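One chain follows as structure tokens, the form predicted alone.
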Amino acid sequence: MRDTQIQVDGLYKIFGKDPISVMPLIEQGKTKDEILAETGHTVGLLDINLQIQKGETFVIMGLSGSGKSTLIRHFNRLIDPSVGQILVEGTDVMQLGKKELQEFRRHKMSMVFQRFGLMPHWSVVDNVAYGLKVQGIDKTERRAKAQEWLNTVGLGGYEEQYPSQLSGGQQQRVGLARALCTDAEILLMDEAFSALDPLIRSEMQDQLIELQEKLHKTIIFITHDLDEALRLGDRIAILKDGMLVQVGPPVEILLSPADDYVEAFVKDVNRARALTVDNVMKPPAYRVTAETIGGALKQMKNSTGDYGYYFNKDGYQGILLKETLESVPPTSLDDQLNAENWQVLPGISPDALLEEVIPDTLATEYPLPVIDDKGGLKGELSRDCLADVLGGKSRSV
């Protein structure tokens, strides 16, 4: 169980001359549009409550105007809330003085921007070292550390280039290296990859996943792209008109949308590329381990199905059909089970994407057994289950 690193309680943000005066209208249930028409104030965030765990990639997403960028800017107090509390490791960031807030931003949180935010007249290595310069680290040490991070993000050899000499993807790698160079525990990424073309964007997603497997930072990632959110997020928060509609792991968002808005959001997602076998498999049929035909039949009497998955000392072998075994003469019940008694049926990994197992699933009338890397039977995946999930059918998870 991860520890909570960031906690947001009762957060409201109202843009206008007198935000507090608008609170009674919110309590009366007035809509965002009604409040704007009556008062000229814009409700940016409405009663946000959430917890972000240490070391997770937490994705905040929504359409334009949903409040996602407003929310992320509260974490490092680039924007102050109208009402509410933000705790980072138990510290109320609203109580930080000017100097404390400065130190907090320098050491606790780093930010990666959509448009890179690089200094055009500085070399790549100096851009990466900027945060360390602000911290007061001497030039030799900060350039050495910046070089390490440039190597990590695949830009070794570009140290003395200038941002204008780099592609968009390379510039964003510089921005990522700069954010990581300060060793900040929390990484804020506001639409960090949205300015990149699709291929480069996918490569940057791959790199972030790879880095996160090693670094275990707390990453708060803003996006309007659900495919990106599903790929990157341990959990996803969906905003609509400043309100938090649903928070949960990707599989929960996809298979159990909280309302019609979320359901419409996920409708066009390629589920075969977003979900794994483990996300949708059902409990397995009976596991048969007997050595003889009669022993197998005896075991299968405990099963409500007409088949079972056969395992011997060499592991999973195939599927046994009750009908086939019952057709064996009584004189053969003591015979050892062999390859003539079972049908070969491929086992699939719980970690496999659904798109990888579609051909094998459709090629047999029986559910495929889900076998983990230790050879254990974890579940089964049938054609009907696959059709339900890929057809957009919601279910409890």
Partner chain sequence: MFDAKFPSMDRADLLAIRKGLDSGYREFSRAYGDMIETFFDPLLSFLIWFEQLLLDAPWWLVLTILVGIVYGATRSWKLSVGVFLSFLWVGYFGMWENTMRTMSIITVCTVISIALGIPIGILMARSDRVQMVVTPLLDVMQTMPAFVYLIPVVMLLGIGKIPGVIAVVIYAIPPVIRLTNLGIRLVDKEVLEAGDAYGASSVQRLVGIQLPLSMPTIMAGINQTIMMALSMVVIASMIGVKGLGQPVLKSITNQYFTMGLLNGLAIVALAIVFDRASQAYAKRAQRHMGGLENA
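Just so it is clear, the model here is predicted, and its values are computed rather than measured. Numbering follows the first chain given and starts at 1.
Just so it is clear, the following notes concern the form predicted in complex with the partner chain, a form of the same protein that is not shown.
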With the partner chain left out of view, which of 318, 117, 294, 168 would have a heavy atom within 4.5 Å of it in the predicted complex?
-> 117
The one residue among 242, 131, 81, 233 placing a heavy atom within 4.5 Å of the partner chain in the predicted complex is 131
Which among 104-112, 263-271, 201-209, 146-154 is in contact with the partner chain in the predicted complex, heavy atoms within 4.5 angstroms?
-> 104-112
Even though the partner chain is not shown here, does it sit in the predicted complex so that 287, 349 and 352 each have a heavy atom within 4.5 Å?
-> no
Evaluate residue 179 for contact with the partner chain in the predicted complex, applying a 4.5 angstroms cut-off between non-hydrogen atoms, and reply yes or no.
-> yes
The partner chain contact in the predicted complex: residue 73, any heavy atom under 4.5 Å | yes
Using the partner position in the predicted complex, report whether residue 91 sits within 4.5 Å of the partner chain, counting heavy atoms only.
-> no
Residue 164 near the partner chain in the predicted complex, any heavy atom under 4.5 Å?
-> yes
